[in-house]
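Take a look at this single chain, the form predicted alone, given in structure tokens.
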């Protein structure tokens, strides 16, 4: 029973990170109907930013969060204005090819600039923290990642649902023509979506450096789970992504206790069960 409880707690902690990674993905799809296949590479760039902030400036991953967030937010803006924005209104296939091309380009660029070798921040500040709650042991890096991810996810949800600018973004996604008549420029709102997605992935990348290593393929496993989380929670629903991230994390944690080789299969099976009952996902509307 102790091992099971420990697995559930570990699953909740990593599930919060899954949720944050999925937020940008579901935001872009919910507003623009574009699936960003380069999302994992944005996470990877956030991890590298945090690593180089430590190696060049001596900043702990926690202190590098603002730098990573702003850097990848700017990267998101460049991706939109340089590539994605140019194919809006064209066929969905063109949009898929562009985001897939960005994925290949960014991963290849990372391999060229930094080699395939992994980069790790040794002994981050959070590594010295540890809590014991009854029989459950909670590591500092895991708690820091989860708390930071939940705060960032909550901030994005608050912005989208409680601010005028967030309302403008949602309006542009629901009916661009009507939004234009009300003085809202849909393309500027789309660009803002990529900036927010970049900010979220940059923060996620910096948080992950408390426990993971940066490499050109570091974002692959996280973005794979993000796609599952987004589909599970419902495309376009930030709250659904947050809830699904926690559930997927728990499923992986529990299954990993008994069958470590089947953690991904467990997440996919959970998603399929939900889709059979509710095809639009937990909180999706379409």
Partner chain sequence: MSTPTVLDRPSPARLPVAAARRLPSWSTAVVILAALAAYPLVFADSAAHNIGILALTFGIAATGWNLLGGYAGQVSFGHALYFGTGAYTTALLVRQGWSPWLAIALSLPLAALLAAAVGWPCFRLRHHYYSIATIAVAEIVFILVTNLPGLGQANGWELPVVEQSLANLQFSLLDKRPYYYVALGFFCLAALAVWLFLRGRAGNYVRAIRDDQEAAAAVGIDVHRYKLAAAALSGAVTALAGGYYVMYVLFVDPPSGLGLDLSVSFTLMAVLGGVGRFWGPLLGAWVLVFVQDVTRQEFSGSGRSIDLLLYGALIVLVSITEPGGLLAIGQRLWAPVARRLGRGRNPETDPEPAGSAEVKP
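What you see is a predicted model, and the numbers here were worked out from it, not measured in a lab. Positions refer to the first chain, counted from 1.
One more form of this protein, predicted in complex with its partner chain, exists but is not displayed; see below.
In short, of 97 to 105, 69 to 77, 147 to 155, 198 to 206 it is 97 to 105 that has heavy atoms within 4.5 Å of its partner chain in the model of the complex. Site annotation in the model of the complex: the residue of 65, 231, 53, 246 reaching within 4.5 Å of its partner chain with a heavy atom is 231. Although the partner is absent from this view, residue 133 stays clear of its partner chain in the model of the complex, with no non-hydrogen atom inside 4.5 angstroms. Though the partner is left out of this view, residue 191 does not reach within 4.5 Å of its partner chain in the model of the complex, counting heavy atoms only. Using a 4.5 angstroms threshold between heavy atoms, residue 48 stays clear of its partner chain in the model of the complex.
Residue contact with its partner chain in the model of the complex: residue 60 places no heavy atom within 4.5 Å of it. Residues of 251 to 279 that come within 4.5 Å of its partner chain in the model of the complex, judged by any heavy atom, are 261, 262, 264, 265, 268, 269, 271, 272, 275, 276, 277, 279 in sequence order.
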